[in-house]
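Single chain ahead, written as C-alpha cells, the form predicted on its own.
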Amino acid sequence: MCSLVQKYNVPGPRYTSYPTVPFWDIDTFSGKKWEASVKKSFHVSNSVSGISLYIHLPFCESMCTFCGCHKRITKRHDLEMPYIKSVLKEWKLYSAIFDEKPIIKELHLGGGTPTFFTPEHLKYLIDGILRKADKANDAEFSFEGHPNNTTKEHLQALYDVGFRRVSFGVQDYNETVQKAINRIQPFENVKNVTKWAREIGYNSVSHDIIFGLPHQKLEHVINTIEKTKELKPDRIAFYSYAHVPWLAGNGQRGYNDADLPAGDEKRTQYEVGKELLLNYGYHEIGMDHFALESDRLLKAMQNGDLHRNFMGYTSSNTHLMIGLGASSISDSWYGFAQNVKNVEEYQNLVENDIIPLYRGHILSEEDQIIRRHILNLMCQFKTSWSDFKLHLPQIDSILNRLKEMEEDGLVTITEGSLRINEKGRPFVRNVCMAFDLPLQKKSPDTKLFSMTV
C-alpha cells in the first residue's frame, strides 16, 4: 500500500461537485440562466422528493488553523440578527421564483460556527424559513455544533423546530495537536454535548475526526478513536486534513509542511483508524465516512440512494439544493451558483432585492453524464456506461487513463462497467480524476487542490 500511496498521492479535487469550482464556465453564466435552472429543478424536485437547504452561518469567535472554510472571526454577537434577517430576505427572493410552496426534505446549518448564534436567534431563523415552506414528513434537519459552545439550550431549541441530527467537530484529542490547530477541546466537552443530544431525543449524533493534522502521530489517532468508542456516535466522518494554505483567507498557519505526517505515515493513520472503526461495529460509507447499522446513511448506501453534494454524503437525494448565506453554493442539478463571500456585500445585495451571486456554472449534457459517473463512483464505488444515457464518446480515453490502476489491482473494468476494488477505495478521487475532462484538458497552473491520499 505504501508504494501505491507514493505513486497516486497527487493534488486532486474532492468532488463535492462536477465540474469542480476552478473549472466552472463563469463567462457564460448569468443570474437569468441560474433562475431558469432553479425553476426547472423545482418543478422536477418539489412534489417528488422536496428540496434541500444549506444555510451558511459564517461567524466564529476564534480561528481554527486547520479550517479551509469561509468564515468571519469576531466576538460581536450584535451581528447575529442582521445576518439572519438577510438570510430570510434571500430565502424570500428564492421563494418568489417558485410557483408553489416548497417542501423541505433536508436542511443543514453549517459554518463558521452555527452555535455562535444564540438559541433564540437560531429558532427565529428556522421559524422564518418554515413560514414560507412545508416540512416533509421524513425531513432531516441537521447542524454543526462546536462542543465548546453548544449548550443544552441550543440543542433543545433546534430540536423543538425539527432538528434530529447534530455533528460535532472533534478533530483530535491530543493537546499538542489541538494547540497546533488552535482548537483546545477537552473530551469532557464532547462527552457532555453528545449526552445532552441523546437525552433530548436526537436520533443521529455524528463526530468529525481528522487524520494528517500537524504534529499528529498514529498513537494520537488511535487514542482519539478509542475515546470516540466510549461515546458511540451514530456516524463518524474520518477524513484527511486538506492542506491548502495558499487559498485566500485561509487560516492554515502556525505550522508548515514539515510538521505534517508524510504520505505513507498519514495513510497508515487512516488504515489503522479504519480497522478500529470496523472492529467497533461501524460500516464504511463512500469515502472516509462510517456509520452504525441503525443509521440512515448506511441504509441509503445499501439501497443505492446515497448522494453526495456540497454538504457531503447525505441520505436525501433532492434535485434542488439552495444555499443561503454568504459564500453558500447552490445546486440545481442543471447548474451551480455561489454567493458572494463578503458578509457586508452579501447583505447589501440582498437588501436591494438581488440574489447575491458571485459565480456559477450551467452544466452541459456531457457535464451531467460525467457528474453521474463520478457520483456513482463516490457513493457506490462502481459505475456503468452500458445504458446509452450514460455513454460517453471519450470512454476509451478515460479507460486508457485507468489502465495502470487496473494493472495495480485498484479497479476492475468490464465491457460496459467499472468497479473500484477494496484495494482501490483509498484512491477513489484518483479514479474520478480520469473522468474529469476539464482537468485532463488543462491542468491548473497554480495550486488548487489538496492531496488525494
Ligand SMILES: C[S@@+](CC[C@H](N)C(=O)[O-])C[C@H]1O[C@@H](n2cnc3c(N)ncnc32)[C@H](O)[C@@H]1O
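All values reported here derive from a predicted model rather than from experimental measurement. The first residue of the sequence shown is number 1, and the count goes up from there.
Form predicted together with the ligand: not shown, discussed below.
When contacts are judged by a 4.5 Å heavy atom cut-off, Tyr241 counts as touching the ligand in the model of the complex.
Taking the partner from the other structure, the ligand in the model of the complex has no heavy atom within 4.5 Å of any heavy atom of Asp234. Although the partner is absent here, Gln171 is a contact residue: one of its heavy atoms lies within 4.5 angstroms of the ligand in the model of the complex. Under a 4.5 angstroms non-hydrogen atom cutoff, the ligand in the model of the complex has Cys67 among its neighbouring residues.
Think of it this way: in the model of the complex, the ligand has a heavy atom of just one of Pro356, Gly111, Gly323, Gly360 within 4.5 Å, and the residue is Gly111. None of Arg308, His146, Lys123, Lys274 but one reaches within 4.5 angstroms of the ligand in the model of the complex through a heavy atom, and that residue is His146.
Picking from 187-195, 327-335, 376-384, 137-145 the stretch near the ligand in the model of the complex, with a 4.5 Å limit on heavy atoms, gives 137-145.
Within 4.5 angstroms of the ligand in the model of the complex, the stretch 186-222 places a non-hydrogen atom from each of Asp208, Ile210, taken in sequence order.
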